[in-house]
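Presented as structure tokens, the chain that follows is alone, the form predicted alone.
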């Protein structure tokens, strides 16, 4: 039998999907990218945006319509709001929280599926520990050169716009021994890019003070695993400004494998809005952090998250966010229109900024981003930099890659460079991307391959 999984939302959901895939493959099922030929269909859900929830309902309606002519089993996992759970239970055959992944084989067997699952189910019972059994699953990584490693689950911040504490629960730090073992295994496999994942990575270990290392020490330990190995880059996402420490920035500066790229969510540039969002920091603290990043990591790129049209946001408050974007000169900003999420505190407040105004504000911030990012990109023209080649463009002409600072770049070269580092000279710049050419001895070797 074959299975097909769709994951929605963030990188954490992608990581969760890789673990679910590993369990299903371990049970003897075969993965397929064509959902039409699958007998087991699953979704790793995201409750952050209503658009994602709408897609879940659309997809399950399609799948249930197929049951008249096919034997199917459907399941849903991931971020699920309490309000959505009874609705999902009526539509999906199986529902489980990601920490219940060890129960999945038995759930499928009890549903009556006669497959190799009956032979494998007992071997997964040791994964049913709710405090981290799912972390013990070795993922079926979706890439041979870049991987995501979860270091914590849940969130204790309770931002008023966010549903994560209600879908994933309170913060639980994964044991550092498990993390380091997974990272070492990835390096042994030749991974070039590793991203440490968590809702608030820099609060890692705070739930186990005295028993677990800090996030700065974890970064140091991961970096030490790289001694004597081929080059690789380590990223992390997402940190919270409240818990970002000077020690973390100093540790990044100390190790070349710790990538010089910081994702620091702003959400709003207005102190009163930040209070309503329950962000527990103000603009003074955020400005101090950006100053430290620019001083300690002068080559680092800076990414952020912003919400426009949050409940009660005035035009003046929006202008403060716009000025903050101009001041901090981000390389990338993920800007989202505010939408109430059931369960989050702000869902009880009026969604009083008209949709048209939200879209207008988003457009204004996007223009600021294009300018600040474009200015930075144009300054890179003529420089030689190392990039990680991650694919081929849609036309099959250019290789696509990212710089250490995660700026997209394309250049001409042989397809066998995908998954490798390369040195390129930047020759053109657009607002949000770069174009380059291979340089040095590597260029000669590449041209020889292409000519051959």
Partner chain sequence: MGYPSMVDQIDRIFRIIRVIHRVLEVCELSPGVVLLRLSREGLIFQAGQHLLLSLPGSALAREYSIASGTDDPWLDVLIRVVKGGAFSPRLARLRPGQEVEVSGPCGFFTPNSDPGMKVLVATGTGVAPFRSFVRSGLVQGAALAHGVRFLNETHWFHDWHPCRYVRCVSRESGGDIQGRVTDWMARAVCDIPDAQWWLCGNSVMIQEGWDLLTGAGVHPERIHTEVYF
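Owing to the predicted nature of the structure, the values given are computational and were not obtained by experimental measurement. Residue numbers count along the first chain shown, from 1.
As for the form predicted in complex with the partner chain, it is not shown, yet the points below apply to it.
With the partner left out here, the partner chain still marks one of 293-301, 88-96, 172-180, 330-338 in the model of the complex; by a 4.5 Å heavy atom cut-off that stretch is 172-180. In summary, among the residues 106, 326, 305, 156, the only one with a non-hydrogen atom within 4.5 Å of the partner chain in the model of the complex is 156. Residue in contact with the partner chain in the model of the complex (any heavy atom within 4.5 Å), chosen from 189, 348, 227, 138: 348. Not displayed here, the partner chain is kept clear of residue 370 by more than 4.5 Å at the level of heavy atoms in the model of the complex. Contact check for residue 317: a heavy atom falls within 4.5 Å of the partner chain in the model of the complex. At the 4.5 Å threshold, heavy atoms of residue 379 stay clear of the partner chain in the model of the complex, well away from it. The partner chain in the model of the complex comes within 4.5 Å of a heavy atom belonging to residue 213. By the 4.5 Å heavy atom rule, the three marked residues 83, 160 and 271 all count as contacting the partner chain in the model of the complex. The partner is not shown here, but in the model of the complex the stretch 234-260 reaches within 4.5 angstroms of the partner chain through a heavy atom at 242 alone.
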